[in-house]
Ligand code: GAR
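Consider the single chain below, provided in structure tokens and representing the form predicted alone.
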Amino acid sequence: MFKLALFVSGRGSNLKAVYDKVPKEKVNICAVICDKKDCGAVQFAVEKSIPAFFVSSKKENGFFDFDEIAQRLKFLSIDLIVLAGFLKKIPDFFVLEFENKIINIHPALLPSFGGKGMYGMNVHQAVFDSSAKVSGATVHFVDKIYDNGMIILQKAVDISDLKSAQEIADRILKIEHELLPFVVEKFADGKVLIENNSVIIAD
């Protein structure tokens, strides 16, 4: 069984998409890690009896630091860590501990509209302000630099008919909910390969 951990910060719609769309016989979501205690993602984890842990860069009541979370994930023998709307930067040591085992979903077509501060509605507003006619979502490996890791898969969508950043956000979210479960299942099937610093998804 392929073991998964998801890092979340908000309502958890991508967590729900992975839970609903990836076959249970292939993937077990072993942990949800959040930087907030009162968000939809945590409520969903509780409803589905998925262990939830809370992380902070500082040790606070009920929160673990990233080193403690790393040790817990190793104890659980996690195969893949998915950043699904997690808004904190992952520490460098954590990235190295789980090299090529952390992926992120970004709500734009990287390398455009990525980098520090480019998350959530900030991304969609930047896309709208640029008058771009196409946007999409990107799943990529996480390295030490924001939105810089190798791209695993992207999906583009026409946004030329949309009139606001919110309309773009709504359309892209549907793309995210297709893309992320597909990639997670490919990882579980052992079909995501790295060759010559490029990512290949086998049939």
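Residues carry their position along the shown sequence, with the first being 1. If you're wondering where the values come from, they're calculated on a predicted model, not measured in any experiment.
One more form of this protein, predicted in complex with glycinamide ribonucleotide (GAR), exists but is not displayed; see below.
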* Asked: Contact between residue 111 and glycinamide ribonucleotide (GAR) in the predicted complex at 4.5 Å, heavy atoms?
  -> no
* **is_contact(residue 118, glycinamide ribonucleotide (GAR)) in the predicted complex, heavy atom dist at most 4.5 Å** => yes
* **Exercise: residue 82 in contact with glycinamide ribonucleotide (GAR) in the predicted complex, heavy atom 4.5 Å** => no
* To do: Answer for residue 191 alone: is it within 4.5 Å of glycinamide ribonucleotide (GAR) in the predicted complex, judged on heavy atom distances?
  => no
* To do: Spot the stretch among 57-65, 43-51, 168-176, 148-156 with residues whose non-hydrogen atoms come within 4.5 Å of glycinamide ribonucleotide (GAR) in the predicted complex.
  => 168-176
